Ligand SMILES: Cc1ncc(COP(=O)(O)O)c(C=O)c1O
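Only one chain is included here, represented as structure tokens and corresponding to the form predicted on its own.
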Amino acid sequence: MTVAEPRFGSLLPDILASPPGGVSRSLAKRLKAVESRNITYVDSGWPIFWQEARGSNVRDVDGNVYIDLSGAFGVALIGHAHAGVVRALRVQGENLLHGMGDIHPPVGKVELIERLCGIAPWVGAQAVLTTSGSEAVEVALKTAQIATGKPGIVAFKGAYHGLTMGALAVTDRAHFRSYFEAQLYKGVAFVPFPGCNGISGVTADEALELLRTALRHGAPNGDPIGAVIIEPVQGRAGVRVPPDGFMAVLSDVAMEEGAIIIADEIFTGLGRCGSLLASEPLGLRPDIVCLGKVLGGGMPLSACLARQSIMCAWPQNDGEAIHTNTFLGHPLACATALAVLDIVEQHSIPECAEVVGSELLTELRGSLRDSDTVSEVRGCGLMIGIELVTAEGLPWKDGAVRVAEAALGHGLILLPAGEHGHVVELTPPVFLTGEQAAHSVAVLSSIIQKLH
């Protein structure tokens, strides 16, 4: 009896040319000549150029095969090029490539919004479709201001909500903000996100007291505060998981002070953290939810959902919408999103993410328990962070960057996170095989333990 060869999607790494190979280096040189130097990071060991991706595998232009532990920024929770998504894309592409989303909408727009409102955490929901996570946040912030009449916002230290102007105003990192501070809205009060460990700062009680103070005293520019925006788990800050009970009390405080809660679930939503929405098991009770990444199945699509009573604060369209875009409700994106929602439901993706994530977390903790450079291995479903520290117990600046660069040479794609680039972030597809997971843990642990 012959044993079937593993299929591309479930392969272990196969490095034919030390990354980046010659073709990738040539493409990097060409790209550097024509793209703004701010966009793609290029040096002698970075980047590789992707040619093909399926399941948990990526193949680059030099023929190297990798395991994608980043899930392509967390998008590929159900794997790259899932057959159901590809099929939906192909069928839709043969019928309608583009519509007129807010004038003469495609049918898929209606069907998708109905599905999204059906999974919203409230009875009676309405939604706005967008093309990027940043825009979904922009819609959420606009919605909150219209509904409350209070322009001020509470956001959290370490928050990442996007880089368009409204989203950037509630994103907390000088690296992103410094060139644009003069243009950013000054009515944002940043409150500490409670610490995962000793490095990360304040306790939950201290953070909640600072939240109460901000809501009562108003924003730094004097504006009254009408919205609190928060990630259930901070992703780009380094997979920062809130302490037990924090989100429930935050919800109580916001409600008492008359502020709307915006849950930025662009990274955490649709199963990534082991539940359809990460807010629910953590106790967060949002009034507005932003979704993205996983939703489009690889197509650019996000959404802002809100209670109907809140969304109805927007004025009636009189023939000219006051927030829209050319590609709103794009037929291809709607078709793939509907396929994604089917897959998430039919394959119990949140439950699978919880099981696979728990196993991966246990294996990583076990293999790294004696490492002096690892402060903590933490996670929520298939969002896992490995926090690296110096001998003095401080964040190891660019330690995770070094891990990511070394991992690439061994056929693992992953990303650094945290303000200091000191957290190894893992957000792989849910269909990562047991063999791929074991191999990834062994290689990653070896790299980290050899760090000096």
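Everything numeric here is computed off the predicted structure, so don't read it as measured data. Note that residue numbering follows the sequence shown and begins at 1.
The next section is about a form of this same protein that is not shown, the form predicted in complex with the named molecule.
- Even though the named molecule is not shown here, does residue 324 get within 4.5 Å of it in the model of the complex, heavy atoms only? Heavy-atom contact with the named molecule at 4.5 Å: absent for residue 324.
- Item | Proximity of residue 330 to the named molecule in the model of the complex, heavy atoms at 4.5 Å | Outside the cut-off, so no.
- Query: So in the model of the complex, does any heavy atom of residue 266 sit within 4.5 Å of the named molecule?
  - Reply: Contact check for residue 266: yes, within 4.5 Å of the named molecule in the model of the complex.
- Is residue 132 close enough to the named molecule in the model of the complex to count, meaning some heavy atom within 4.5 Å? It does: once the named molecule is placed as it appears in the model of the complex, residue 132 has a heavy atom within 4.5 Å of it.
- Task: Consider the chain as shown here, without its partner, and state which of 162, 106, 357, 226 has a heavy atom within 4.5 Å of the named molecule in the model of the complex.
- Result: Of 162, 106, 357, 226, the residue with a heavy atom within 4.5 Å of the named molecule in the model of the complex is 162.
- 82, 293, 378, 307 - the one with a heavy atom within 4.5 Å of the named molecule in the model of the complex: Among 82, 293, 378, 307, a heavy atom within 4.5 Å of the named molecule in the model of the complex occurs only for 293.
- Message: Please identify, from 112 to 120, 133 to 141, 247 to 255, 349 to 357, the stretch that has a heavy atom within 4.5 Å of the named molecule in the model of the complex.
- Response: Stretch with heavy atoms near the partner: 133 to 141.
- Task: May I ask you to list the residues of 220 to 256 that have any heavy atom within 4.5 angstroms of the named molecule in the model of the complex, in sequence order?
- Result: Residue within 4.5 Å: 231 only.
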